[in-house]
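Heads up, the chain below is alone and in the form predicted alone; it's given as structure tokens.
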Amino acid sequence: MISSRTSSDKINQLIKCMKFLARLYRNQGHTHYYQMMADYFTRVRDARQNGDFVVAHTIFFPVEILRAMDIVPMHLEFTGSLMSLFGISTNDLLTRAAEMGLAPEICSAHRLIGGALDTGVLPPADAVVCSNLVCDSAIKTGELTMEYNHCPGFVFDYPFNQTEAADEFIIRELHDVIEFLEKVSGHKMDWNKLSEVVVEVDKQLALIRRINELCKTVPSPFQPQDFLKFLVVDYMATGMPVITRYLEGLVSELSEMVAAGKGFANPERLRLMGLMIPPWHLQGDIDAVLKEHGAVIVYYPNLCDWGQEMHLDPEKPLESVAKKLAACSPMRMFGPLDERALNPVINGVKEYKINGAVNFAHLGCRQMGPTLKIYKDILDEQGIPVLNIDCDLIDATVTTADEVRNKMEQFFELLEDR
């Protein structure tokens, strides 16, 4: 493969945007979130000149491991997705991916990585860790990243079923990836630091559960697009004390709103369940149409639900990392679609007083596509209408804001008439 690598300022644009938002939300909890993001991408950008070791990784690899080893993580999928969210053009990267021969049926988040690698948008990586969870494109993306960076890599293998033997297998995989990273980076695992990270993760999961509980209130105080921040927190910055401060501030803010009877939508007429991530580039548009119609998405069972209370033991940090991986809600779509995935949807209808469900059906997602009818059938049994919106997470040419608005408004009319 011939590369046409060129310099790019997209990472700089991302950092500039995050710094602006950190200033905008000064003295509010959100400033911690945006400052974390600015610091994250600044460290990625400057890693080579600072002599840091960078590991590019795909979704669902436990970043706690990298932080405990003082290795700079670079999340491949979310770097591109966040560009899309904050209005930084990605059309040129998708166009370059098409020129490289990446088919449009491939998830756009992974096609974008190909274009970013070929044009030099992504800073260089010293090693790559990819996995088979949940996106089956992740391994190929990992291989492509290794090829462009001429660096070693590790494929983290998750077992298909959740059993006692599978749990033991994951522990072995974690030991193996640590051994690999120690060898290629020269950094040793700091087990005390990993224990400290686990303590923070345990606090953060409890705070997210508390926020989900607050969303059960009528009216719900939570802005729907902020659910995506929980994904960013988990995939990029889990265990960082700054994230604990962000979540603590958010709990305080939302609790005050609940006490005052204030909600995202005033008055609140429709409460919705979300089944998949909305397009990154349409987050503002979607929240706007929700608010206009007194509607609010209050629950994402497949994205931001950590289930029942569980305790992570800092005395057993690696086992705790494995335990958290198993509890991650997207894991429910990996393996048989059994009660792990279905019960949260069924129970969520009553717990969150759901009127309807919206599924943003990302065309490149091979996990969500096969589940559409299954989720629709079980929600039909609960008397809950489902709106499926064909869209793309990143490619803005697939579905426009007006198309999404029209479909959602028609759905709201249906719900209002029930």
Partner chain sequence: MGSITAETGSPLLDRFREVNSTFPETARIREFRASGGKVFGWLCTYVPEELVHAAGALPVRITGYQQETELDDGNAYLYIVSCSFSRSCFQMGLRGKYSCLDGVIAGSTCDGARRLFDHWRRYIKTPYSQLLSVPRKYNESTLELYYQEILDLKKNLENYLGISVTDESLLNSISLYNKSRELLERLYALRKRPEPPISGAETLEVLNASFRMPKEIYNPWLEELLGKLKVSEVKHRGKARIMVIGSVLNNPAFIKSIEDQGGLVVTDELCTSVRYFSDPVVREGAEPPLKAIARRYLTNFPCARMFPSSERFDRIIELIRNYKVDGVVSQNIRYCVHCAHDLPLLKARLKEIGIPVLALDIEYGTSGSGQIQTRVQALLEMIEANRSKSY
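These figures come from a predicted structure and were not determined experimentally. Numbering follows the first chain given and starts at 1.
One more form of this protein should be noted, the form predicted together with the partner chain, which is absent from this view; the next part is about it.
Using a 4.5 Å cutoff between non-hydrogen atoms, F222 does not count as a contact of the partner chain in the model of the complex.
Using a 4.5 angstroms limit between non-hydrogen atoms, G369 touches the partner chain in the model of the complex. In the model of the complex, R96 stays away from the partner chain, with no heavy atom inside 4.5 Å. The partner chain in the model of the complex is approached by C135, whose closest heavy atom lies within 4.5 angstroms of it. Checking K188, K291, R245, R172 against the partner chain in the model of the complex, a heavy atom within 4.5 Å turns up for just one residue: R172. The single contact residue among A326, V218, V155, M310, judged by any heavy atom lying within 4.5 Å of the partner chain in the model of the complex, is V155. Stretch-level contact check against the partner chain in the model of the complex with heavy atoms at 4.5 Å: of 147 to 155, 78 to 86, 115 to 123, 203 to 211, the positive one is 147 to 155. Annotated contacts: I106, T163 and M333 all touch the partner chain in the model of the complex [non-hydrogen atom within 4.5 angstroms]. Contact annotation for 368 to 400: residues with any non-hydrogen atom within 4.5 angstroms of the partner chain in the model of the complex are G369, P370, T371, L372, K373, I374, D377, I378, N388, D390, listed in sequence order.
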